[in-house]
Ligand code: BES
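In structure tokens, one chain follows: the form predicted on its own.
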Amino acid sequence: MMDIQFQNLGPAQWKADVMLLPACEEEALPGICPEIDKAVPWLTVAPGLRDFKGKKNELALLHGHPDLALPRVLAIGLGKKEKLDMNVLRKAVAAGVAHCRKRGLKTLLLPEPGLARLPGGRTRLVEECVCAALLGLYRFSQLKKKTDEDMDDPSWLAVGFDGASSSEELQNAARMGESSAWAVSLARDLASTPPNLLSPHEMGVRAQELSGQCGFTCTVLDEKALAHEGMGGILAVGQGSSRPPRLVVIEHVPDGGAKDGPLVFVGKGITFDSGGICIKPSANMDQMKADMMGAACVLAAVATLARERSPRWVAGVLACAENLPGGGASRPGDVVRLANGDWVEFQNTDAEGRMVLADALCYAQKRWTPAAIVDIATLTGACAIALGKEIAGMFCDDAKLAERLRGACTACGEPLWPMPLWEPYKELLKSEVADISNMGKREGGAITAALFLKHFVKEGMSWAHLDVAGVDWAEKTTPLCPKGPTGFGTRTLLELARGGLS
């Protein structure tokens, strides 16, 4: 990952191969701010300056003398100022940094005084631009041989301060952006890993490795421990595979001990989902390696909070299994007993995520007295049909927790939309032979799935369910994400923990 540095002594001391300069339409270059004019006085006579219009997605690399401390400016178009928002800025910075990589530029400068004129607040602008710059360089290349066409990432990006503005708060904001990008990249790496290389057992191994690197605790429950805990749901989902399920339990307790109950994240970790006996269509089934995105987000968030030495007590439960139609696989009509003692009828083996999550929710409430529980899962195609490919569904009856989640997702650009936990639909989960069925009707499928999970949450528990099906996979490359797993939800969990619940 590109290094993040600081240049604190003002414009006269700024130095890099290129300065990144986001600009809106009809905004004068130079003239954006005095500090930038001092740093690149040659900009007034730069060839090509008059051709730059500031339109959205426009990039113009402007050249000064090669021996100057700042010999280039990359002007990055933001479009009309009245339509500018943080997401436009994120994409613009990400595109600019990726362009620098294509041109072989190794050292980049982002002038904080130039950002300060934009709406959003100085600390948030610095944090989001640093995070976007790093995510704009993300690629999953661990399993590819490097070719001559593969350009190396820039060595570093420096945030340039005017001297007076180089506060510790702004530098901390840059580090927060760097940390967030590390978390999202980790989640993407995990979800991009082919399923033959990332089994439930391997998820536990990765978590244990990260626990040693980042300073959190990790316990892995194997199939014997799962049976001892009465987790018939996760065992039933995994019994069609030769690679048995695992429950990965991670926890960060802050220095000085914990005060309130933990904020607990629960993630669906189906390392490959064929649908089981109710097998999925073959088209795009390769994308089902990312059906463990919820667990990847939880692991990345807890690991990052531990690295940051967060003052918040957080825990994560990763419910990991592989859903295959082997000879021992669960059948439609099977009835299994879950960790709370209730019997559940399998009406559809492709509704497996709610089964593993239900056991994980029961485990979390048994082990801790949580301040709140947030589960995250690629749970239902119905949610993707309802909300499309850019918005995730949020199910939460706790107004305070829902408001915190809305604030967290808005701050980091991961939109959530409140969905109803419509109690009358519980009738659709009735079973003739068991306490509850794992499947309702096709209509309202995201709601009945959420109601199934709610069945396993104790009365009065502050709980939210995030259905990230649809937003977990980018169908085409964007400035912030290549085609493939997105890591959506990681930053929302981080923001929730960083901001607290009170």
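Not measured: the values here are computed from a predicted model. Residue positions are given as counts along the sequence shown, with the first one as 1.
This next part talks about the form predicted in complex with the named molecule, which is not shown.
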Okay, which stretch from 146-154, 245-253, 401-409, 342-350 lines the named molecule in the predicted bound form, with non-hydrogen atoms inside 4.5 Å? 342-350
Taking 4.5 Å between heavy atoms as the contact cutoff, choose which of D359, D375, E322, D291 touches the named molecule in the predicted bound form. D291
Given that the named molecule is left out here, which of T380, Q239, S211, T193 has a heavy atom within 4.5 Å of it in the predicted bound form? T380
Quick one: is A469 in contact with the named molecule in the predicted bound form, heavy atoms, 4.5 Å cut-off? yes
May I ask you to state whether L70 is within 4.5 Å of the named molecule in the predicted bound form, using heavy atom distances? no
Is K268 near the named molecule? Define near as a heavy atom within 4.5 Å, in the predicted bound form. yes
Within a 4.5 Å heavy atom cut-off, is I32 in contact with the named molecule in the predicted bound form? no
Residue by residue through 258-282, tell me which have a non-hydrogen atom within 4.5 angstroms of the named molecule in the predicted bound form. K268, D273, K280
